[in-house]
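Okay, here we've got a single chain as structure tokens, the form predicted alone, with questions on binding and movement later.
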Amino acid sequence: MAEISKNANRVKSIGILTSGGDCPGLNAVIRAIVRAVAHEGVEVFGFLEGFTGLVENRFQTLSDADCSGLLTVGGTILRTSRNKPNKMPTPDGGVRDMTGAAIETYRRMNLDCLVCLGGGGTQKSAFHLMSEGGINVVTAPKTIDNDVFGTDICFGYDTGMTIGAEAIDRLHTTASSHHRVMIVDVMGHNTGWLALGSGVASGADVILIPEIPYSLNVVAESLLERMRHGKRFSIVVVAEGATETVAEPSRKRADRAKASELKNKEASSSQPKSIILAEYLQSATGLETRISSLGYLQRGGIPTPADRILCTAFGAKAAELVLTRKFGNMVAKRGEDFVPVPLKDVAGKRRAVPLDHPLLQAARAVNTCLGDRT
């Protein structure tokens, strides 16, 4: 850690909050930050339920002793919410800008810095408070979606991917035993990192992600090709945000009519895309098709050892930025290093899967269908 200044301008007290969806590793980062600054005599306050606690002046003190045993505990001891300081919900169902109240809490408590742990929305809210109120902030990137801009990886991703891969491994046995097509829904509304990682790790036959619109015909043909080689089961991993491209002409009139029927059904209903996909693939292949949605299972439980290591490093670097007064930055992992990245370069941006990413290339090389070509 960089040498800490011992002058009168040293950091004396900070606040920490966790915002957005819960995620394995949040407690591990809290633990690392508190322990790292405690040795410098810094007082730490944890705001409850994200930015809501900052607005409503609800907090608890956090000491080194309070963080004992947190490394392996899932969730967040500070709890969390998706509320934003400039869009806080009101009792009548509306929203209200409470930026002023958040800033007032910060100043009344004489905080030297606010550390915000969260995903893309949290980075944006932290930047908003910094810009509007002139307060000091440091952030760290949390999300199993792995889509925070400016960092190679986010904490929580490895755990979410591991949970997904382990679940898909188990579905392989059911699929092969019953000659079924198993469609596995994984989280990822805007990006496909989680589906891609868990799909490649588990040997999925089809992986559909938001960055690559898929064709029903292409997916069906890939499964039929497997059947022609004697493989009468398949695993299809679908990110929540995967979208169908404009349908290509089908080889068979019946298939074309079925695709048109399902497309109309999708447009007029709120059914998940996986249901539409399942109906089409069962019709096209003749194989029994089932859907399994992993949902919140991927966000729960204890962090993997890899995430615990990552979280400790993220937290230690965040503490270093605080103690050396390098405010206005997000801690990012770049290669083997943990570096500060200006929040102004992060806020409002999202890290999608590049179409030339090595993992996509590897998936294609092992004959994984990505829905865009056979």
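Computed from a predicted structure; not experimentally measured. Heads up: residue numbers just count along the shown sequence, starting at 1.
Beyond what is shown, the protein has a form predicted together with ligand F6P; the following relates to that form.
Residue 189 is the only one of 189, 179, 107, 170 with a heavy atom lying within 4.5 Å of ligand F6P in the predicted bound form.
Here is the short version: of 277, 196, 117, 144, the single residue with a heavy atom within 4.5 Å of ligand F6P in the predicted bound form is 144. Taking non-hydrogen atoms only, residue 132 never approaches ligand F6P to within 4.5 angstroms in the predicted bound form. Using a 4.5 Å cutoff between non-hydrogen atoms, residue 240 counts as a contact of ligand F6P in the predicted bound form. Within 4.5 Å of any heavy atom of ligand F6P in the predicted bound form lies no heavy atom of residue 124. When ligand F6P is considered in the predicted bound form, residue 299 lines it closely, a heavy atom lying within 4.5 Å. Contact with ligand F6P in the predicted bound form, judged as any non-hydrogen atom within 4.5 angstroms, is confined among 69-77, 97-105, 136-144, 230-238 to 136-144.
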